[in-house]
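One chain is shown next in structure tokens, namely the form predicted alone.
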Amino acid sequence: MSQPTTSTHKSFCRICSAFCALEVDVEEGRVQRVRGDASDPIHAGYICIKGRQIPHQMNGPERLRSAYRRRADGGFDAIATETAIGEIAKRVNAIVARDGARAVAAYMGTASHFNGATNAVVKAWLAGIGSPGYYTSLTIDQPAKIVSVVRHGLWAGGGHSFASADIVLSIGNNPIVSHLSLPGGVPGNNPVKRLNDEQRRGLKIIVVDPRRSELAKRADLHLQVRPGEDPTLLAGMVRAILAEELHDAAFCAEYVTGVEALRQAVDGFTPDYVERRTGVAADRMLEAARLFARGPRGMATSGTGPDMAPHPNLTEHLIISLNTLCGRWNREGDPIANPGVLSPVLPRPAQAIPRELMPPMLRIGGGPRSRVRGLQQIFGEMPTPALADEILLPGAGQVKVLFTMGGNPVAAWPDQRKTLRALDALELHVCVESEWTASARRADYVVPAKLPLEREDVTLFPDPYYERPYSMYSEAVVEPDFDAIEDWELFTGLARRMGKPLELPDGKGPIDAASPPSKFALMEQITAGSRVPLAEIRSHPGGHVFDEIDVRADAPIPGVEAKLNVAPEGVPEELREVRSEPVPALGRYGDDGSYTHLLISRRLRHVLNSVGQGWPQSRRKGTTNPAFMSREDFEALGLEPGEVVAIESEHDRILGVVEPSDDLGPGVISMAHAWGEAPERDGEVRDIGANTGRLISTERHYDSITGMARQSAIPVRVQRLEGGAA
């Protein structure tokens, strides 16, 4: 009997934003093995546990292999994908005719950003029917990063690179686990190797994190801040740098405004006050401030952790202000490490850019507002924290139709009970999915999605975050043996049946829905004007660094007058608000002081949010999201490892499996988000985890600009299920 023929293909993983380069072995049309591509110039063979499970993701029993339509009794019937699209089109047309286009919305989860065509086509379809209802995961956890740039200003020449840095200050980011790359921070691509390389060179790392994370363990200085007190600590560092005149006075004099106003606003954040409030010793805070200011090169960066805690906009503003006060921006002639292979060729002057010249993504407002709390658009999209309310709130503009791509609202959205009510209230809910998620089981139609190795694509999403001008185009490695589609193909199919135009955003031109382009032609259209043409990228097998790209910060453009602002409207006021808050007493949290712990968010290496929780290797690493607590808390509360407890917030209650951790101080609980199911399955917490989003209210403790709910540093108390209150 002949052995099956094996062919090997180069591609890249699209489970998380690292997009690790792969070698893929295919036998008889099925992916059998994947491994990191050791020849890749960026990833150098690195691949994590999630990527190693791609064969199971594609071939396992959880895979959706048909479209499904919900029956009246709640069950599902398998139907052809084309039949599903036709029926969906008729229902959407009828609802729009009756209630208007604002009744239709689309939610793009994290995975949707990893298909280069999906978001652009969905935006085009929504515009074609006249709906502003474009929502994504970006407004769930990090809109503060945009708010900070809009208020502070954008330096067109970019910041110092990681490879050139003497010091990196990382606040609430753990790329060793998250693989999240941030400009100037530790790269998420093969993070341990890159960190080791640069530390051998002499790089110093300061980490601010309530947990002694994997990155904190490798840091030169770890400031183990109390949850939610990042802005207090950062304000103290700003005060110290200004008081000791460690800032780049020449840079600030020429390019920055608001320095004196910021100096006054942080005056009350003395070392003693910061120590009392944050738990970080005054001398360590001052050491961190001096070490960062000394530089001379480096950046302060942040992850999603501090953005999910109280005062996220202030935290992000203080981070970007530290970079500005210390002059951590490229000057004329400085090399820009990666200007973006797929980015348009634009001037990169060493100067601040006026707000009106910023890219559309870096704007707040414009277009219709949410009906909920008057919230504005951010990133050019509607705020996802208000979407459940938009579904439940009667009246003109009520959302009746929701399309969900690349996401799992039941697991991901804050205020889970409200999310469940909203999803159940929809007149039409369509999920494009590869497996039966909790959200798919509540949908009216489920359309089977192609997985990454079944579609061609380019490294568009991480393009600006690579350290070097790197890109890769991958053809589809295999084809599914059933009628799966890419997310964007659903919308070209709907446009064709509904007779609606498709005009790509940002002036990229129309799509002929009657005769849709190939994926490559569509991606050429989306990336038109890029620094390197898509055909050139495709001509290189595997990943390629375009070393011929040598871009340096240009001279300032005459007549363009703008300065970076470290004390814009709203920031001094919020600093005064924070300073006037009572110093939290340990173990007395919440509005009434009756909550004993603060629950913080984290990530787990073997899953990405809800993706991978049922995969075999991941399950061997753990089948729940433990409630990690300090050993002191275990002793004080009489807990046993693996015990199930109730964790209660001001808003709701979940069950959690407690585990001891040496990485946490007393009074802190650390849990991964996006686990768990609906409340009726709480008894299965050991097998499916707990949904921390249920502890969160979207109507209290939310940001007034973005609507983002507090999702970390949540006041909670712990109760034993036997023996009374712990």
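Numbers for residues come from their place in the sequence shown, where the first is 1. Nothing here was measured: the structure is a model prediction, and the numbers come from that model.
The form predicted in complex with a small molecule exists for this protein as well; it is not shown, and the discussion that follows is about that form.
Exactly one listed residue, out of 298, 227, 236, 656, brings a non-hydrogen atom to within 4.5 Å of the small molecule in the predicted complex: 227. Note on the partner interface in the predicted complex: the residue among 284, 373, 355, 602 having a heavy atom within 4.5 angstroms of the small molecule is 602. When contacts are judged by a 4.5 Å heavy atom cut-off, residue 450 counts as touching the small molecule in the predicted complex. Within 4.5 Å of any heavy atom of the small molecule in the predicted complex lies no heavy atom of residue 125. By the criterion of a heavy atom within 4.5 Å, residue 597 is excluded from the residues contacting the small molecule in the predicted complex. Remark: residue 433 counts among the residues lining the small molecule in the predicted complex, judged by a heavy atom distance of 4.5 Å or less. Here the chain stands alone, but in the predicted complex its contact with the small molecule, taken as any heavy atom within 4.5 Å, falls in 607 to 615 among 531 to 539, 339 to 347, 236 to 244, 607 to 615. Every residue of the trio 107, 304 and 408 has some heavy atom no more than 4.5 Å from the small molecule in the predicted complex.
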